[in-house]
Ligand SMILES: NC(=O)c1ccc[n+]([C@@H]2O[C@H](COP(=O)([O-])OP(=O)(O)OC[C@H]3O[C@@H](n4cnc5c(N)ncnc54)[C@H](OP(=O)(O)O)[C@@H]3O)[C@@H](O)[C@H]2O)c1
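Below, in structure tokens: the form predicted on its own, a single chain.
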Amino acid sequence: MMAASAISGKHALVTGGGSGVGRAIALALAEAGIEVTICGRRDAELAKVAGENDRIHALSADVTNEAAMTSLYAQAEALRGPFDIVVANAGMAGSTPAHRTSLADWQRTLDVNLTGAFLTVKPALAGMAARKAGRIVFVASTAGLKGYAYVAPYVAAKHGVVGLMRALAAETAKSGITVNAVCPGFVETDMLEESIQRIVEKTGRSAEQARTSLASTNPQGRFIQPQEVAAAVLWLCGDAAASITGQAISISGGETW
């Protein structure tokens, strides 16, 4: 990790900051001296994370609601200044064969993972461009780099996130802003446990068999830890990564590159 002095004193937004990867990212940024605003829809989980570090501040917001995100920016920036760093992490996943996927499930998955990512970063762009500085990081997935069976909406959404990242990187390349994505494989979080439970319910396999099957997609034969994703995000936010933009960084033990 870089020295905290390189990025201390900045203000970051982390969506989906109440658990899992979002929590790990928020803590890593806060420990580096950054004021971090986290948002999500579950107040109790947000408050718990905010209680872990005095630099973390919780606000409720739904990333799929443009008015809510506009209000979040107004509140947070009035208190702690403009966002120097925006991490679009909020997401959701389900598992259904494509031919049985309802339009409502398809739309909800795209709303949260793709439209939510756009609405998270859109309010930051003009200010970052005016200041000629900013870091935008999307938390995508290896599902943004390859296909997986039975999660068509999620794969489509995460491919969209990677495309959005590349478009914004091209648009902002001369502005002092960098835009990147981190693309983890299966990360050991509550979302992973939900995936394992779905496999158990639908296939009759044991939880251990399901875990082994998912872990085997990583050539290293293990799950990614949230702190590993957070470390990559922290690096992308620092001065040492000033030339890194438009990149989809696979954190997957070699599953994708």
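Bear in mind that the values here come from a model prediction, so they are computed numbers and not experimental data. In case it trips you up, residue 1 is the first one in the sequence shown, and so on.
Below: the form predicted together with this ligand, not depicted.
Within 4.5 Å of this ligand in the predicted bound form, a heavy atom is found for every one of 140, 154 and 190.
Put simply, residue 233 is far from this ligand in the predicted bound form: not one heavy atom of it is within 4.5 Å. Heavy atoms of residue 90 reach within 4.5 Å of this ligand in the predicted bound form, making it an interface residue. In the predicted bound form, residue 80 stays away from this ligand, with no heavy atom inside 4.5 Å. Taking the partner from elsewhere, residue 110 is found to have every heavy atom lying beyond 4.5 Å of this ligand in the predicted bound form. Stretch 180 to 188 is the answer when you ask which of 129 to 137, 180 to 188, 99 to 107, 165 to 173 has residues with heavy atoms within 4.5 Å of this ligand in the predicted bound form.
Distance criterion of 4.5 Å from any heavy atom to this ligand in the predicted bound form singles out 62 from the list 35, 228, 62, 31.
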